[in-house]
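Before any questions on how it binds or moves, here is one chain, the form predicted alone, in structure tokens.
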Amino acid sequence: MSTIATRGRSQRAQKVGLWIGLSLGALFAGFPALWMLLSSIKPNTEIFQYPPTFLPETFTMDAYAGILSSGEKLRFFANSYTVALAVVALTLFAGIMAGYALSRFQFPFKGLVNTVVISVQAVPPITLLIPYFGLVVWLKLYDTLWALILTYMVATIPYAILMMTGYFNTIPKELDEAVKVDGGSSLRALWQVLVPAARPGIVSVGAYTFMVAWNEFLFALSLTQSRSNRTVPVGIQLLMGEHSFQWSEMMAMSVLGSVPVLVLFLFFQRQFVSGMTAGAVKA
């Protein structure tokens, strides 16, 4: 009996420790976001006061009103949506097609292709900034949204190929072979059978790709010049003037910029986690 009681106390202590650890982790991760939200509804003068206050003494929505009434700032959001959605669509198409080929077919240099795809993932993006800049200028795409779209795809397509190859490997080959027996082509098997079955993997790749394209700052700052082609991360930085900082508008724009990613994860979190797990295990 004493052994059972000791084991029960040990399990309860482990659960308590786990909850304490998770609570501290949630506080550590959530506190900056909460501070950002509360700062967005403070006047700019209150943000600068010392000592700082956690809760706003004066509640105001002027920062949000200033952003939503500014055509230039709304253009930042439109550019980010345009770039992110274009990157998601093109990346998913390329990832699905390439993943299907690597999963279902044998062809020369297949192993080399896999090696190259994995190797590209290991290259730090910042080391490619100057070569990309020269290439974009040579292609006459500098200061265009296409420069951002094509650049982001270089980073997202290898990940999409790896994940989709891994997810297609989890789907029995008998499914697409049954379509071929009925006279269907490989493309018909892909789009009518495999793509619907691979929906969790596609959602996880799409969500990851959207977050990468939406949050990227360095290339968006370097490959665009006119304010009409800036994206949200660069737009937030532009609120830092030479003599003044619009902290309340910066926080408000950060909150509004976080909403699409948050909504995306809340709606597709189950498919996102299962797709990431299946693709990573079988890749």
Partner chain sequence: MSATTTRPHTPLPTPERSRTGPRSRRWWRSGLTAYGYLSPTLLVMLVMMAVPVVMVFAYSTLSNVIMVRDPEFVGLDNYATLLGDPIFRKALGQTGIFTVTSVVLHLVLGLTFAMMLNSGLLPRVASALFRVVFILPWVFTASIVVILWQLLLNPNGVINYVLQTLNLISTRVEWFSNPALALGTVIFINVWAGYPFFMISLLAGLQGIPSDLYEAAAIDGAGWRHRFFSITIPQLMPIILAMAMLDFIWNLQQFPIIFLATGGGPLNATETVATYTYNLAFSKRQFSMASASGVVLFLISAIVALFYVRHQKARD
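None of these values were measured; they are calculated from a predicted model. Positions refer to the first chain, counted from 1. Rigid core: the largest C-alpha set superposing within 1.5 Å between the two forms.
Although not depicted, the form predicted together with the partner chain is the subject of the following passage.
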Please tell me whether the candidate spot formed by Gly71, Ala89 and Val193 is one where all three residues come within 4.5 Å of the partner chain in the predicted bound form (heavy atoms). no
Residue contact check: Gly184 to the partner chain in the predicted bound form, 4.5 Å heavy atom: no
Even though the partner isn't displayed, in the predicted bound form is Phe265 close enough to the partner chain, meaning a heavy atom within 4.5 Å? yes
Exercise: Ala65 in contact with the partner chain in the predicted bound form, heavy atom 4.5 Å: no
Would you please decide whether Met97 lies within 4.5 angstroms of the partner chain in the predicted bound form, comparing each non-hydrogen atom pair? yes
Within 107-122, the residues having any heavy atom within 4.5 Å of the partner chain in the predicted bound form are Phe107, Pro108, Phe109, Val113, Ile118, Val120, Ala122
Does superposing the core leave Ser70 with a CA shift of 2 Å or more between this form and the one not shown? no
Any CA movement of 2 Å or more for Thr53 between this form and the one not shown, core superposed? yes
